[in-house]
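Starting off, we have a lone chain in the form predicted on its own, written out as structure tokens.
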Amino acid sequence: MEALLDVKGRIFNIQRFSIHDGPGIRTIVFLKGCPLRCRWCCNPESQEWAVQKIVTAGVVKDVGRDITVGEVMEEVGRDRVYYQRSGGGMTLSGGECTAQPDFTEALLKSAKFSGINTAIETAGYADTGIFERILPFIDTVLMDIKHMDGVKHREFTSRDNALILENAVYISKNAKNLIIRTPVIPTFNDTETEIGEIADFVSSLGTVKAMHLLPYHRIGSDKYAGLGRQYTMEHIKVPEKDKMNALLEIVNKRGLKGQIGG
């Protein structure tokens, strides 16, 4: 156990008292590094592994710090009573937690040894062997399926989706609980046909019961300027409620438990 607690990784935030990203009240650990470059990403500071500088309200701050599993678990453990009362726990987010497989595995093992519920958020773009390693220590996997067309997926995220879809099949067969989430992005995947194709794939997995639709938002868009980058989605409008409800109906018709937000 001591060896696990000494494993080091790189994070950029720990957020307590979250009621999203898994059941109950949760502590979200945001890891640095991601192989994707989604145009709408609300955490652009998560994408690079390097410790970066960001300007916020005229103040220059470092983004990213190295930390041990023991130090993370000390903070996560402070809210154990809330996890027990609400069915919550620890969620690993990012970035992409599978981009730091040793750190992620050690965090998940340590949480389980401590009796803390675990969840991860993942885009699924990682070697399948990484999921083989970590799935035994995860209670809930929250996985994005963004599009069924590989060319369009690459255009908007920098990678095609073949590996992601392969991993979705593997995870659906081996995870304790898999929830699929789809960010609904106008000009990318917000048509009834595109959401229907994703819902058909999710339904075909057989073991997945829930699919969450996450409406596009501009939260985090100001971070791009702080990082010296351009936000290319400023012209995109937030989907209207009627639009989201229509897409939700498409999901529900596939026999899935649809939900707006997650």
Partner chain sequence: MEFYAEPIKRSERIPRLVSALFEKMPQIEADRAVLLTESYKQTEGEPIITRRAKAFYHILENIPIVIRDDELIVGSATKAPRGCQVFPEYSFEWLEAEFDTVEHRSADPFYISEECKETLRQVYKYWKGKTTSELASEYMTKETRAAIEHNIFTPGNYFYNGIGHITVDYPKVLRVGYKGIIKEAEDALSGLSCGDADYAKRSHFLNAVILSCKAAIMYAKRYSALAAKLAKNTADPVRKRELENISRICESVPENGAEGFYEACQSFWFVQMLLQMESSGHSISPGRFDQYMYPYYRKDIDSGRLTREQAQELMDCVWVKLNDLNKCRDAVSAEGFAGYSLFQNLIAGGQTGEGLDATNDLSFMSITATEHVFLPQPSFSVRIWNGTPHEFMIRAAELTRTGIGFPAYYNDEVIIPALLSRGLTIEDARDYNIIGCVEPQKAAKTDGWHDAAFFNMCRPLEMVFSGGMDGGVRIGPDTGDVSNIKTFEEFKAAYKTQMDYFLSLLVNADNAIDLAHAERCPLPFESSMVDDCIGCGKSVQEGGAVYNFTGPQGFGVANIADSFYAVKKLVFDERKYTLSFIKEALENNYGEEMDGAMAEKLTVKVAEKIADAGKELNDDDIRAIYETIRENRATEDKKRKYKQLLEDINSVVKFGNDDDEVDALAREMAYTYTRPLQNFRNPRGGIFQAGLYPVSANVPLGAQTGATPDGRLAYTPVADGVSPSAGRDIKGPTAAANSVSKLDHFIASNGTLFNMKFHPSALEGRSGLESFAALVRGYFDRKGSHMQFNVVSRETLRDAQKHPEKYRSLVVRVAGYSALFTTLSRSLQEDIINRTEQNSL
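Residue numbers count along the first chain shown, from 1. Just so it is clear, the model here is predicted, and its values are computed rather than measured.
There is also a form predicted together with the partner chain; it is not shown, and the following applies to it.
Picking from 101-109, 152-160, 83-91, 136-144 the stretch near the partner chain in the model of the complex, with a 4.5 Å limit on heavy atoms, gives 83-91.
In the model of the complex, the partner chain sits beyond 4.5 Å of every heavy atom of E132. The closest heavy atom approach of R16 to the partner chain in the model of the complex falls within 4.5 Å. Though the partner is left out of this view, K243 does not reach within 4.5 Å of the partner chain in the model of the complex, counting heavy atoms only. Among residues of the shown chain, K176 is not one whose heavy atoms approach the partner chain to within 4.5 Å in the model of the complex.
Distance criterion of 4.5 Å from any heavy atom to the partner chain in the model of the complex singles out E75 from the list E75, E166, D127, E192. Using a 4.5 angstroms heavy atom cutoff to the partner chain in the model of the complex, none of V202, E249 and R254 count as contacting.
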